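So this first bit is one chain, no partners, the form predicted on its own, shown in structure tokens.
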Amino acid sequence: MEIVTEKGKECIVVSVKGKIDAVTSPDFEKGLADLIEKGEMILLLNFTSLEYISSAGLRSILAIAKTLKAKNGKMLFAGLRGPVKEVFKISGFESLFKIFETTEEALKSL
């Protein structure tokens, strides 16, 4: 898994490449928690290059979402493809989070 962050005007874009599974989810969660500790309140997760997400990855997303909610922050998603999009649909995450086709659409919504 590779994570690249890009500071935008209204949020930070977190692009994730590879897989978020039981092995990588702790690093993923810690990376997002560190951003929140530094004051980032709006996280835009770009999953265009994410190939796979497991239940451990979903748990990490829920933990970060809970932290953000307590601080009046929010998490947006963009670029879900293939199996990742299917997992979000099956797990009900589509109804929990704002999901956009592209990062540009997500940024326009802010």
Partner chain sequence: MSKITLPARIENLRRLVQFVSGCARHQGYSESRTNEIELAAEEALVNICRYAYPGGEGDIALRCRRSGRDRIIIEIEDSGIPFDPLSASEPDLRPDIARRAAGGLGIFLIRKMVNEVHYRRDVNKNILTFIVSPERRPLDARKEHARSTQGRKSA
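Nothing here was measured: the structure is a model prediction, and the numbers come from that model. Numbering follows the first chain given and starts at 1.
Just so it is clear, the following notes concern the form predicted together with its partner chain, a form of the same protein that is not shown.
- Remark: S55 counts among the residues lining its partner chain in the predicted complex, judged by a heavy atom distance of 4.5 Å or less.
- In the predicted complex, no heavy atom of D34 sits within 4.5 Å of its partner chain.
- Proximity of K38 to its partner chain in the predicted complex falls outside the 4.5 Å heavy atom cutoff.
- For E51, a non-hydrogen atom is located within 4.5 Å of its partner chain in the predicted complex, even though that partner is not displayed.
- Shown here without its partner, the chain carries K17, K30 and F100, none of which come within 4.5 Å of its partner chain in the predicted complex through any heavy atom.
- Counting a residue when any of its non-hydrogen atoms is within 4.5 Å of its partner chain in the predicted complex, the hits in 83-100 run P83, E86, V87, I90, S91, G92, F93, S95, L96, F97.
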